[in-house]
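Quick heads-up: it's one chain on its own, the form predicted alone, in structure tokens.
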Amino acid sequence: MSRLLSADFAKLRKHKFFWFCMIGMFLFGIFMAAMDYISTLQYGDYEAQLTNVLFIYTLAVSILIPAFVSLFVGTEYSDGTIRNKMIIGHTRTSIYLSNLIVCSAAGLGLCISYMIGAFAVALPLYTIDPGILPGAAILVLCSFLMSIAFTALCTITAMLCQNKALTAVINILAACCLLVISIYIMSRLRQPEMYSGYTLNTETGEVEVSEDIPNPDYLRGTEREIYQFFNDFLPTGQAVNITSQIELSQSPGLLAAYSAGIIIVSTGVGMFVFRKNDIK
């Protein structure tokens, strides 16, 4: 296992797409922090805080991780590397776990690369409130677990589908679909329970405040619980929550448990099917 990890990490260090993504995330962090600071100078409607832009990377890696995992693992099939590993005596379980560990490390590297870029701009310019640091640290840890869970899901497809192009299409389309679903779920959950009522006085022409009106789109009861579950369970739902910093730090243990569950179940299922898969 150690030799496999050593070889796969050596491959990662030479992977051009990985370094392209790392540099891109670093520059993206610099860009977002700089643009947010410029906005505060121009409009002054809010105070420049590091947390305004720190967690945007969670949405970016939701697209980059599927692309990277598909290319990194897909190359193992196209180059015949997986078959060669099995010929020299490596087990399928160790091959699967090695790819998962290396791809997870790459995903975490993308997250950290963005944060370094954001910190490079934010530390000398932004106001950092010590009171928000514990909550920010919780969000960062949740985002790391979310990244690993997302990687574990993508690894299943990459290890079981031996066509690199098809793997990339499946993973990227699945990520985009899940992201759209999560944004929709979030929009439904954020619907207000009541609307402020207004009436127009035809005699005076003035708008008068009346009783609040119930919102028919507000989710209630079991339906709301179902939406909330998928909002917390899906890795993309967690990414949207972390980016928006909405009610996430109130239940970090639950979110961590969901991510850990996804990692364990998806890895177990993936290894079980991969052991029975016919390697061409």
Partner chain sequence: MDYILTARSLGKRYKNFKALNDFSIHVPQGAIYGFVGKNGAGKTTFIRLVCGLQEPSVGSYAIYGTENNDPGISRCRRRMGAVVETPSIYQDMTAEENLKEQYRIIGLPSFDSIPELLRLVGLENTGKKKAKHFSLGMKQRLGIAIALAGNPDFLILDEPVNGLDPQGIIEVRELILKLNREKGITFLISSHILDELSRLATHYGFIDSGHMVKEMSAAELDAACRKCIRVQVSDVRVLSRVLDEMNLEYSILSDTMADIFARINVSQLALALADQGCDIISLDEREESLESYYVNLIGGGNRNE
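Because the structure is a prediction, the values reported are computed rather than measured. Numbering follows the first chain given and starts at 1.
The form predicted together with its partner chain exists for this protein as well; it is not shown, and the discussion that follows is about that form.
Chemist: Can we say Glu76, Thr81 and Gly89 each have a non-hydrogen atom within 4.5 Å of its partner chain in the predicted complex?
Modeler: So, yes: the whole triplet contacts its partner chain.
Chemist: Residue-level question: is Val273 within 4.5 Å of its partner chain in the predicted complex, judged on heavy atoms?
Modeler: So Val273 does not count as contacting its partner chain.
Chemist: I'd like to check something about Ala10: if you look in the predicted complex, is any of its heavy atoms closer than or equal to 4.5 Å to a heavy atom of its partner chain?
Modeler: Flag for Ala10 set to yes.
Chemist: Which one, 114 to 122, 130 to 138, 81 to 89, 151 to 159, holds residues whose non-hydrogen atoms are within 4.5 Å of its partner chain in the predicted complex?
Modeler: Among the listed stretches, the partner-contacting one is 81 to 89.
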